[in-house]
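Here's a solo chain for you in structure tokens, the form predicted alone.
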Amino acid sequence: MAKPHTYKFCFGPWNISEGQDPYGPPTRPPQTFDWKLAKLAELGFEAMMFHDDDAVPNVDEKSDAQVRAEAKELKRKLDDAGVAAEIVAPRLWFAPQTIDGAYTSNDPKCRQYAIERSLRCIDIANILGSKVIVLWLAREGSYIRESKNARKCIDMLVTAINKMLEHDPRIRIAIEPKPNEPMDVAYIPTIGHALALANLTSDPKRVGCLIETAHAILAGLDPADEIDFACAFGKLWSIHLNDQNGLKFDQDKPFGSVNLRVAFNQVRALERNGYGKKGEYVAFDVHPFRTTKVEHWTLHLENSRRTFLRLVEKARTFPEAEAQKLIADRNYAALDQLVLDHLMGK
């Protein structure tokens, strides 16, 4: 029997946040990127996720030469720390040009800005050694349905993705869907929508997806089913594991914090699909609780990895033969308890 593979882990600089929320100020002092990188390496994580302006701050204000120079300096820091760049994503939702959407803005000049910034993001990713560009389509939707033509917006998204594919024939684009927030209703709310959109592009084999646990829950879906669906197409290129308490704002709680059984089934789905065997990373897109003290700042990341690895053990030791007998007998009540007993260590 082949030896089970080991997983590689990552997080982004935004996952060491200062505690600010829409209703209150920060509760922890800001830290430099170098401090966060040192923490990542100290914790033994293998890679870091980036937005384009995490890699090159104030990217819109800099020349191409300045962007290249700063990206090269970051690459040197990553190499010195033994850390890889997992993904790079254009942070389009902060820019004033994207108030009415980025790729789907009603203003063609704003749409052009979004595309040009995305191409710049690809150039940064190339310098950092990452070949996966993540598109969280944060403002691609509408607050007022009559304000946009959703059919035309799909065409606009395809146009933007095609420009990116044309810009660099080596990169792959992973769409990260979310059904709402910050938009009232998003155009690409689920993995099914993301993969359907991929099929409309000029090179569908280079357009896949990134699944986030919380986003699937916000859509009323089971994250494990989303994982299996994406893997059926060979299109799960990154994953953001976290947790979510119901259909409310995106909470980014530690993995397994709310529903350990849902977390277990996500790990089972990753295991049965061989996620990670081709070099994919497990990313924890989690945030420290607002109440967290400075001395406990990284526990949400350490705890998420610990829970994940414990659930990997549970997935690999699950009494599958016994479960299959119960399934054949349609004794789902006993199967239900078998899962609970296994998780509780009985």
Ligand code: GLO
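One rule holds for the numbers: they count along the sequence shown, beginning at 1. All values reported here derive from a predicted model rather than from experimental measurement.
Omitted from view is the form predicted together with the named molecule, to which the following refers.
178 is the sole member of 206, 139, 178, 111 with a non-hydrogen atom within 4.5 Å of the named molecule in the predicted bound form. This chain is displayed alone, yet in the predicted bound form one of 89, 236, 85, 164 has a heavy atom within 4.5 Å of the named molecule; that residue is 89. Contact here is defined as any heavy atom lying within 4.5 Å of the named molecule in the predicted bound form, and by that definition not a single one of 46, 297 and 300 is a contact residue. At least one heavy atom of residue 134 is located within 4.5 Å of the named molecule in the predicted bound form. For residue 305, no non-hydrogen atom is located within 4.5 Å of the named molecule in the predicted bound form, even though that partner is not displayed.
The named molecule in the predicted bound form is not approached by residue 52, whose heavy atoms all lie more than 4.5 angstroms from it.
The shortest heavy atom separation between residue 228 and the named molecule in the predicted bound form exceeds 4.5 Å. Partner proximity in the predicted bound form, defined as non-hydrogen atoms within 4.5 angstroms of the named molecule, places exactly one of 257 to 265, 76 to 84, 113 to 121, 170 to 178 at the interface: 170 to 178.
Residues 212, 215 are the ones in 210 to 231 with at least one heavy atom within 4.5 Å of the named molecule in the predicted bound form, listed in sequence order.
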